[in-house]
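Encoded as C-alpha cells, the following chain is the form predicted on its own, with no partner shown.
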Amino acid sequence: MTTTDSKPAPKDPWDLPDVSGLVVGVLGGTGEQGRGLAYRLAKAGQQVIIGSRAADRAQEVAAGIGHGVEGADNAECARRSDIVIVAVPWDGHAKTLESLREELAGKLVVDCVNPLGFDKKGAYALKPEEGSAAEQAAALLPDSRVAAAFHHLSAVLLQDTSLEEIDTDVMVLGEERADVELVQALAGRIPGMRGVFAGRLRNAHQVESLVANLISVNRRYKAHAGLRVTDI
C-alpha cells in the first residue's frame, strides 16, 4: 500500500475576513481625505470615529458626515478603534504618531500619507529617511502592526454624495498576511473598491510616490484619476 502526501489547496486570495464589526478610527478625519474615507466606510455600515487635535472640531465634522460617525480627540479615537487609518498631513505625520505611541500599541495602523513636495513644475515625491511614510510609522510605532493603503483615492470623489460607487483598486502593503487581508476587506466594504496586495512595507515608497503622477494626470485631463490592476 502506498500513500501520497497531499498538500492543502492554496488559499483563495479573495477569501477575506469579515471586518463589519470592527471600529475604524481615522486620524486626520477632519481633513479632506480623512473625511471622505470616514463617510464611505460609515455609509457602508462600518462604525467610524474621526480624530482631530481638538475634540470639538472632530465632533462638528462628524455631525456633518452623518451615518453614525463620531468625533473625538486623536488619543480617544486611537484608544477606541480596532483599526486606525492615518490620514494626517505629511508635515505632521511623525509628531502625531509619536504622541500616540501608547494609544496605538497593539492596534493595526493603516498609513495612507503621501510625502510630497510642490514647486513650479508640479508635485514630486519626497523620500523620508526611513524610506516611506509607512516605514516611518513602523519605526515610530514598534508596538503596533503597520500596513499601508488608500493612497490613490480622490478626496473629491470620496466626498461626492451623488456617487454610489468608487471605481478604483487600493494597493495594500504590509508585513503580515492576516493584517493585509483585514485592510483588503475594509477597502472592499466600499462599493466599487477592491483591495489588492502590493508587497511589503519596503515597497511603500513607490506606491506613495505614484500620487505625484496622478496629480499630473488630473491636472492635464481635469479628472480625479484612480488605479485599476488588470488580470486579477
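A residue's number is simply how far along the shown sequence it sits, counting from 1. This one's a predicted model, so the numbers in the text were calculated from it and none came from an experiment.
The form predicted in complex with a small molecule is left out here; the points below concern that form.
This chain is displayed without the small molecule, yet in the model of the complex the stretch 87-95 from 138-146, 123-131, 87-95, 100-108 comes within 4.5 Å of it by heavy atoms. For His67, no non-hydrogen atom is located within 4.5 Å of the small molecule in the model of the complex, even though that partner is not displayed. Looking at Gly188, you'd find every heavy atom of it more than 4.5 angstroms from the small molecule in the model of the complex. For Ala75, no non-hydrogen atom is located within 4.5 Å of the small molecule in the model of the complex, even though that partner is not displayed.
Within this chain, Glu176 is remote from the site of the small molecule in the model of the complex, having no heavy atom within 4.5 Å.
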